[in-house]
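In the form predicted on its own, a lone chain appears below as structure tokens.
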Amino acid sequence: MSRWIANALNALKDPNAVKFGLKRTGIRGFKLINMFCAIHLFTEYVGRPSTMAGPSMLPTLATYGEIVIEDRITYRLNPSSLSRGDLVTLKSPVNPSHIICKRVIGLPGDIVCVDPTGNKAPSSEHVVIPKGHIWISGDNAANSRDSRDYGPVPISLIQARLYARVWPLKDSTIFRNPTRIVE
């Protein structure tokens, strides 16, 4: 141990060794910072894995333990690509520090039935979705807090569209929009 310390002290006496060590450490640190910046930019603007929890999206998503891939870039580059039936993550209108996952039911200008089940509102009540808003719902209506509770949601709260489930492996799938529009 004392031999190692002696060698380190001798190396510090040589000014070229100190410069080389600082330069090498600085370059490594710069590369590390660049890597973290690239990871941050990718996960914030392109896509990222996320864990899902909660019963509101049963049977599409389990109550816990699933990992999905969020597609964040498609919606950012082409907001008009949003369509009925898409699975989206968005900031909760009630608590913006929470991210929720729901299905898009209606787009601006659509007329939607507030609650087709009749549990939270009369099934005859309808609403026109205003410009800049969407109507969202959980697949498990009995255990979902969604537009039936807080009305149309601003489109600006959308964070990403779900692209695929990657965990558990036996349930991996690419999410396809099941909605068919008949004119």
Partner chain sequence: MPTAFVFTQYFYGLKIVSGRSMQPTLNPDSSLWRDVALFDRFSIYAKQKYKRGDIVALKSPTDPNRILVKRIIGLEGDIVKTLPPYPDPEVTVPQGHAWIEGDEPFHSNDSNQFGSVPLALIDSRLVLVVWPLNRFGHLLNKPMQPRNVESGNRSDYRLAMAELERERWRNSRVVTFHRKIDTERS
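Numbering follows the first chain given and starts at 1. For clarity, every value in this text was computed on a predicted model and none was experimentally measured.
If you look for the form predicted in complex with its partner chain, you will not find it shown, but the lines that follow are about it.
Checking 142, 53, 38, 27 for any heavy atom within 4.5 Å of its partner chain in the predicted complex turns up a single hit: 38.
Across the proposed site, 65, 114 and 124 without exception lack any heavy atom within 4.5 Å of its partner chain in the predicted complex. By the criterion of a heavy atom within 4.5 Å, residue 128 is excluded from the residues contacting its partner chain in the predicted complex. At the 4.5 Å threshold, heavy atoms of residue 85 stay clear of its partner chain in the predicted complex, well away from it.
The closest heavy atom approach of residue 58 to its partner chain in the predicted complex falls outside 4.5 Å. Looking at residue 97, you'd find a heavy atom of it within 4.5 angstroms of its partner chain in the predicted complex. Shown without its partner, the chain has 155, 156, 157 in segment 155-174 as residues with a non-hydrogen atom within 4.5 angstroms of its partner chain in the predicted complex.
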